[in-house]
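Shown below, as structure tokens, is a lone chain in the form predicted on its own; questions about how it binds or moves come after it.
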């Protein structure tokens, strides 16, 4: 019965996502106040700074970066595209993969203008904000594909999606806790994606703390595993990762805009044992 319960829980989570609306999700989370580049305490600049630091410390390197559960967003690979020659984007939902393809093919119609994000990361890198066009071109050049992923499968990607030795680095933002029915499933998913990573490769993980739900569209309430820092650290250890750094952001009151009940965000830099 335990195995059947696992399957039912995952299937229920998948059903929650049938109404996911990329445009609404981007509006809820990736516009001001959560994406206010003039404010140091805004959540999106905090995430971008964490990723920039991790990708520029010199130990995260290699050929292939894989983003697990990209959703309809690109911010998580804006620093990594300067370090890796190949970037693979992945998501469970076709509507999200379509949103990403719209940007990649540069034919307009995207639900969010990523220009301010590109400009901000250029500033973090010590470049002129006007260099954003070069960064956009670089990102389009290194993205090799946008493919389906299922973190609840022991082999989350198609067998031919990666080289046999695995990826050099994984990045995953707000994916695992928001597609898992419980903490055990979150931990298993961490182990599953670890199989995509070479030994000694890095995991950069961003996720929600204390969140029990978020809205993936008007009226589309999606349950989330409410995590604390100790649970994140324990799940990483159980799944074969060595923690290098854990950073925590606490949401100011005006960032709590009614689209979720998140209280904080964690950033993890870890290495696969």
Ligand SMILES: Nc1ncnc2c1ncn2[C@@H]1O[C@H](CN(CCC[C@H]2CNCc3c2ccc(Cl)c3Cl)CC[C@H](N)C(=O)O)[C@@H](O)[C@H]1O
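Keep in mind the model is a prediction, meaning the values are calculated, not measured. Numbering follows the first chain given and starts at 1.
Keep in mind that the form predicted in complex with the named molecule is missing from the display, and what follows is about it.
- For the candidate set 89, 203, 81, 179, a heavy atom within 4.5 Å of the named molecule in the predicted complex is found for exactly one residue, namely 179.
- Within 4.5 Å of the named molecule in the predicted complex, a heavy atom is found for all three of 69, 93 and 152.
- By the criterion of a heavy atom within 4.5 Å, residue 53 is excluded from the residues contacting the named molecule in the predicted complex.
- Not displayed here, the named molecule is kept clear of residue 225 by more than 4.5 Å at the level of heavy atoms in the predicted complex.
- Though the partner is left out of this view, residue 30 does reach within 4.5 Å of the named molecule in the predicted complex, counting heavy atoms only.
- Taking the partner from the other structure, the named molecule in the predicted complex has a heavy atom within 4.5 Å of a heavy atom of residue 47.
- In this stretch, 214 to 248, the one residue having a heavy atom within 4.5 Å of the named molecule in the predicted complex is 214; the partner itself is omitted from this view.
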